[in-house]
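Just the one chain here, the form predicted alone, laid out as structure tokens.
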């Protein structure tokens, strides 16, 4: 019996994630530049040619990984999509962020190890990601303006740096006090 469209789509999504997870693992272990499409296909257990029906190049695969990471991080940001970040939305965002970090430590360890490799992210893609983040950053600046912070832009940069620092420290320290740090972040940002 032939597969339905829904079954085919489910298989396609599963294979795509298999490729992404294999690429992340290999990029982290071997380095982005030394990992080949053939390496990724072999690790994912698929034919090299099939890789190209999902991603046209290793660069496109990397960009997809980074964009999906961004989308995972911002999934609960401004849930009502009104462009205004309220304190309860900031709290929801922080809780969701920490839950994602805690529940998928391996994914985030690989994600950060790839993004921190020198020369992996080119200037064009960096500019594209900055454009993608800009509306989020603008909302955070307005959030801090509404709280009466002296320098809302600087507070946004601090908040971003703080969250990145928490992620990186948690990923490399098995005894990191994540729950206590989360409470300090909430106290500072909400």
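C-alpha atoms forming the largest set that superposes within 1.5 Å between two forms make up the rigid core. Numbering follows the first chain given and starts at 1. Keep in mind that this is a model prediction, so the values were computed, not measured.
There is another form of this protein, the form predicted in complex with the DNA, and it is not shown here; the text below is about that form.
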Heavy atoms within 4.5 Å of the DNA in the predicted bound form: does residue 157 have any? no
Do residue 180 and the DNA come within 4.5 Å of each other in the predicted bound form, heavy atoms counted? no
Give a yes/no on whether residue 161 approaches the DNA to within 4.5 Å in the predicted bound form, heavy atoms considered. no
May I ask you to check whether residue 54 falls inside a 4.5 Å heavy atom distance of the DNA in the predicted bound form? yes
Checking 67, 146, 50, 130 against the DNA in the predicted bound form, the residue with a non-hydrogen atom inside 4.5 angstroms turns out to be 50
Stretch in contact, per heavy atom within 4.5 angstroms of the DNA in the predicted bound form, of 39 to 47, 118 to 126, 133 to 141, 146 to 154: 39 to 47
Heavy atom of each of 12, 15 and 58 within 4.5 Å of the DNA in the predicted bound form: yes
If the two forms are fitted on the core, does residue 182 show a Cα displacement reaching 2 angstroms between this form and the one not shown? no
